[in-house]
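This document opens with one chain alone, in structure tokens, the form predicted on its own.
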Amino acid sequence: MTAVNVYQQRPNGAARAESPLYHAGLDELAGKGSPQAGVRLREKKLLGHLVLRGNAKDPAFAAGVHRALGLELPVALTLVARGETSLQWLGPDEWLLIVPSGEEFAAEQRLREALVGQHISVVNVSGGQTLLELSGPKAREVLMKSTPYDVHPLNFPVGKAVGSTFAKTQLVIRHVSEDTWELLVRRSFADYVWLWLQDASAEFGLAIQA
């Protein structure tokens, strides 16, 4: 069996991890917006992001993922979640696993142990992207201003997740509850998307949450 180099990538106590929007000072802005704001935003920062690849048609693969995560493999354009852990379909043989901060190393180990002997790939991409949560009664209107993808409830129900053009860039839109959406943003575009969301939310009022 080929040896796999798996190691803890999160900095220890001697090094400070900074999210893609650390410099924006969202923590300092939290709680200062109007309680009647139509849009609420927070960065779900420093979560564990793992890209998993394998054969979805192989029952052994699906069973191994379930043993490791307690989640069923999601079908096309959907995600499944349990607590703060979610698994999202990215392609016919590719999924994104998001776990609470600091749990990515253990999650990777569980996956590799449950899928030993199978042709798989598990890659930690935590440092390359971040998750922005957009919620509130006007969150959908902000999305309508930002993406050509149809976010009407009949076309974009809770549990759906798609990659789309967003404000002249690309990101993944995830509908996680009735008035709550998540934007999966690449690190290099986090600044741009944050500035766009400030402008797009201005007419509705924007409140930052910690």
Partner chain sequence: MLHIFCPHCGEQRSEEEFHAKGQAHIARPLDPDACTDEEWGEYMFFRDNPRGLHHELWVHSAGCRKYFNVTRHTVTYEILETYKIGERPGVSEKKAVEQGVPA
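Residue numbers count along the first chain shown, from 1. This structure is a prediction, so every number in the text was calculated from the model and none was measured.
There is another form of this protein, the form predicted together with its partner chain, and it is not shown here; the text below is about that form.
With the partner left out here, its partner chain still marks one of 66-74, 137-145, 161-169, 29-37 in the model of the complex; by a 4.5 Å heavy atom cut-off that stretch is 161-169. Using a 4.5 Å cutoff between non-hydrogen atoms, P92 counts as a contact of its partner chain in the model of the complex. For the chain shown alone, R42 is not a contact residue for its partner chain in the model of the complex, no non-hydrogen atom being within 4.5 angstroms. Under a 4.5 angstroms non-hydrogen atom cutoff, its partner chain in the model of the complex has R53 among its neighbouring residues. Contact residues in stretch 178-203 (any heavy atom within 4.5 Å of its partner chain, taken in the model of the complex) are limited to R186.
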